[in-house]
Every structure is written in structure tokens, then in C-alpha cells.
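The chain that follows stands alone, in the form predicted on its own, written as C-alpha cells.
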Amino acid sequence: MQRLSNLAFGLLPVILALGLTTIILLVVGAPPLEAYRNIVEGALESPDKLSSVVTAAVPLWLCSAGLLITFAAGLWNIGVEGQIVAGALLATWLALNLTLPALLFTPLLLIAGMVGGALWGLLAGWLKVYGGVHEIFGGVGLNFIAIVLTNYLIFGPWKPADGATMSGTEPFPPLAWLPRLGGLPVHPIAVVLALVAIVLVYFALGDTTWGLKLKAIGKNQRSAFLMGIPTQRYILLAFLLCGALAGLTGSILATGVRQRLIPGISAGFGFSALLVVLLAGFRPVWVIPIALFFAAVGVGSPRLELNMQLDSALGGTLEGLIVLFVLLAQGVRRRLREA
């Protein structure tokens, strides 16, 4: 009976989201089955598309791994978008000003991204711990600052020789590009790093004293403090680690996906990762397939615009509806248990 209940509460939100999306398609006069077919084919029809799905999943994996840490401590790290940007900024500065062999340049740029993101995350943590600023407000403010700083650098000190445009900075030297797998748009180093990050977070939160203490802070910060846990240090460390993984994402986006810094380099991956973690129920194992689903919808949705003259944002609508109905189902289930 318990298994049937788990299955029902797992499938019902997806069915409801698909049903509501189908209604939207019918209202605008579009055949739902053709729309879904276009999304699936747009994501899976060729090795190039499959590689693009994996490439789009990497930022979600990395940011989700970081967010699992801050969520374990009871923290809503909305500033993950700014931390992505901070990592991309520091990696860009090195890429534009250094020339090294690729064997040294690639790890240096990735480490630089982690350092940039970690410092930006630590700033959000410092504002919360010592400034009394809630992490949501601090994160939103730091996101805005990171975006403004990026635009200033692109249209100011880092503008291309032929003039500043929305295309971003000059392309990085090829030695600074993250290696790809043959001619496919996928970066093996990035994939490995993202999956390793999720595995490490899984074991750190589930099988270590550090993880248990972090969860204790998330359950009740005051009680954890009275038990002797250095809550401020743990909170700062959670922000630092999450920022490091977000900054690594920024470095990968700049050196691998774009080979330059562009406005909006974070591309909303930080906010999408929040949805992934919520949909996964804060379980690291489920982050991997759910992020792949989000990536597949994102890669496949542009086919709606090309073939059916529908806005590609419909894919994002489907993702958002699934998350909404999952959260509603979790709330209903909690109420039934308490009744």
C-alpha cells in the first residue's frame, strides 16, 4: 500500500502538469502530441543534440550539488546566479591576460572560477552571519551587483577592439578553451567534475559527522548552537562550498560553452537548479535524472518555435508546472500524515 501511495504521489504531479500544458496547447490551437514530439526529437534526434543535453545538464548538476549543501543548513542561497557570474569574471580575467600551455591553463581557469564563486558566496554568508541580512535579500542584491559589474567590464575595460556589443568580450585564446569530445559540444572534464561533485555531496551529507551537524543547523540553528556546533562557521562554509561549485559552473560556461564572457553568462542556470533540487526532494541521487530532464526540455523546446511557431518558453512552463504540482503533492501528503 505504501508503494502504491509513493507511486501515486510521484506520478500525479507529472500527469497534472502535462494535462495543464496540453490544455494550454489546445487553447492556442496547437496539436499537443506534435508539440511533445518536437521537444523530444529536438533533444534526442542526433549525437550532437544528445551532447547538447549533457552540456546543458552540467551547470544544473554543479549548482544543484552546491545548493544541496546550503539547503541542508536551512539556507536559501538565491545568490547562486551571482556566484556563477563571479566565477566567470575571474576566469575571464585570467583568460584575457595570461598565456599558458593548455595543460596548465585549463585547471587554472577552473580553479579561478571556483575561487571567484567561493568569495562571492562567502560574501553572502558574511552578510547573513555578521550583518543580519537574510540570505534571500543578500543574494538578490549580490546577483544584481554581479550583473552590473559584468556589463561594465564588457562595455568598458574588456570591450573588443572593434567596439562593445552584446556578443561579449573578445574570444578567449584557443589554449583557454575547455576541451571538447571530438566535434561534439560536450566537455568531458566538465561532465566528470559535475558528477564527482554530486557523489561527494551525497556522501558528505549522508555519511559524515560534518553533514549531520550541517543538517542539525538546518533543523534548528539555536539548538545546534547550544549543542556546541559552531553554527556561524558551518554557515559560512556552506556558502563558500556552494559558491565554489557555482563559480566552477561560471568558468565552464565562459571557457567551454561561450569561449568568451557575455552578458547574462549565467543563463538562469542557478534559478533552474533551485527547481531541480526542490523537485528532487533535496536528494542528490535524483538530481542527476531531473537535471537531464530539464536540460532535454531546454534543448528541445526551440523546435516548437521553428516548426510550430510556438514560443519556446512553453518548455519552461512545463518544468515550472511540474515543480509546482510536486510541491503541492508534498504538502497534501504531509497534511494527510498529520491528520
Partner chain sequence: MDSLLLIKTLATIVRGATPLVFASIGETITERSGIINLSLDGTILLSAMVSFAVAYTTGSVILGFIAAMAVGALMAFIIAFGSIALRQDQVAIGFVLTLLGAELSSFLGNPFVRLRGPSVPHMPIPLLSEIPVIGPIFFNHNIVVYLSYVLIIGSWLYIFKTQPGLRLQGIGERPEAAFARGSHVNLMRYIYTIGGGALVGFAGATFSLSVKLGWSHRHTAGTGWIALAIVIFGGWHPLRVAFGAYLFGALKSLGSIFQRVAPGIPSQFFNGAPFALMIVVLFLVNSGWLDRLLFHLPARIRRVVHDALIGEPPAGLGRVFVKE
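Positions refer to the first chain, counted from 1. Just so you know, these numbers come straight off a predicted model, no measurement behind them. Take the two forms, find the largest set of C-alpha atoms that superpose within 1.5 Å, and that set is the rigid core.
FYI, the form predicted together with the partner chain isn't displayed, but the following is about it.
The partner chain in the model of the complex is approached by Ala313, whose closest heavy atom lies within 4.5 angstroms of it. Taking the partner from elsewhere, Tyr36 is found to have every heavy atom lying beyond 4.5 Å of the partner chain in the model of the complex. The partner chain in the model of the complex comes within 4.5 Å of a heavy atom belonging to Gly141. Interface residue remark: Asn151 is counted as part of the site for the partner chain in the model of the complex, having a heavy atom within 4.5 Å. Listed stretches are 49-57, 284-292, 36-44, 267-275; the contact stretch with the partner chain in the model of the complex is 267-275, by a heavy atom cutoff of 4.5 Å. Between the options Val115, Val201, Leu193, Leu127, the residue in contact with the partner chain in the model of the complex by a heavy atom within 4.5 angstroms is Leu127. A heavy atom within 4.5 Å of the partner chain in the model of the complex is found for one listed residue only; from Ile189, Ile136, Leu96, Met227, this is Ile136.
For the stretch 303-330, the set of residues having any non-hydrogen atom within 4.5 angstroms of the partner chain in the model of the complex comprises Gln309, Leu310, Asp311, Ala313, Leu314, Gly316, Thr317, Gly320, Leu321, Val323, Leu324, Leu327, Leu328, Gln330, in sequence order. For Val285, a C-alpha deviation below 2 angstroms is recorded between the shown form and the other one after rigid-core alignment.
In the core-superposed comparison between the shown form and the other one, Leu50 has its Cα shifted by less than 2 Å.
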